[in-house]
Ligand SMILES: C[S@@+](CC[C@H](N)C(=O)[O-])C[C@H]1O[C@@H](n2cnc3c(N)ncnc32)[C@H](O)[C@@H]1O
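A lone chain, given as structure tokens: the form predicted on its own.
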């Protein structure tokens, strides 16, 4: 009975998050068309049949999320773990930020970054307003709104999609089952605000967790979120995922969520290569990113609209890229992949 009540509460919560996301995007899209009818790129209409497929995949994602919690892969409390009061307080700031976002979008201005930024500390491809968001990934303001913006974008499914890395991660670490759990080191590459690290901590409460990100501002936000955990605070490190400041073979597992589509092809391969270097032989890499044309051709209009509505300069190249081939080229084996709604998850092992 308790499980049934908890499941109903979870389903109700997700339906509510989805309705908020849909309503927000509907209102903001109509306002944007009204205020900037000539400048903004137009999105393609999504046919009812495709909407039905998306809704079915949405429900399948929620079913898998609940089943894996019920199986004990992570506690059911994780299904409700979000800073609701904080997000509610920040929601008006999302609306206040929109006029500048719409202006950048209509003017095709993608380098509207903080004036005091030390640009030499970052690769050129990083110095952009990804998603047209204020300051790109390079300010505390941007970091404070990011998680809420992503939840709205994905109609409340960002956290369930992130959690799909947990099963292959836990399964991959079984290769080291003869070692104490406290000796295992898991690195989250491009950790951003630390939401994936928070998920991993619930599934692996004893492991040593490390988060790497290029943005000092996002690491500060990650520190705020993660410092609320009752367990040990993960180590947070500033650095470029193409050349990570970790010794060869120093990690037993790596995760990387929603990074690859924001990298040019060469950097994409460099990141995968360095993940291979940092992993101990027998270790597992788990990648999660957008679905692609090869595995989800029916969702092509949605992928195209994402590119049209947001500044994603490398997304078109990414959705046609062969990630399996890149993993193989880096030296990985045992490559597996599956899709969950708009997210594709790969797992691969270092021989």
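Numbering follows the first chain given and starts at 1. Worth saying up front: this structure is predicted, and the values here are computed from it rather than measured.
The following text describes the form predicted together with this ligand, which does not appear among the structures shown.
- Shown alone here, residue 114 lies farther than 4.5 Å from this ligand in the predicted bound form, counting heavy atoms only.
- Residue 162 belongs to the set of residues with a heavy atom inside 4.5 Å of this ligand in the predicted bound form.
- At the 4.5 Å threshold, heavy atoms of residue 276 stay clear of this ligand in the predicted bound form, well away from it.
- Proximity of residue 246 to this ligand in the predicted bound form falls outside the 4.5 Å heavy atom cutoff.
- Heavy atoms within 4.5 Å of this ligand in the predicted bound form map, among the stretches 227 to 235, 103 to 111, 253 to 261, 82 to 90, onto 253 to 261 alone.
- No member of the trio 176, 332 and 346 reaches this ligand in the predicted bound form with any non-hydrogen atom inside 4.5 Å.
- Though this ligand is absent from this view, in the predicted bound form it lies within 4.5 Å of a heavy atom of just one residue from 99, 75, 239, 205, which is 239.
- Residue-level contacts in the predicted bound form: of 169, 152, 145, 214, one residue has a heavy atom within 4.5 Å of this ligand, and it is 214.
- Annotation for 185 to 211: interface residues with this ligand in the predicted bound form are 190, 191, 192, 196 [heavy atom within 4.5 Å].
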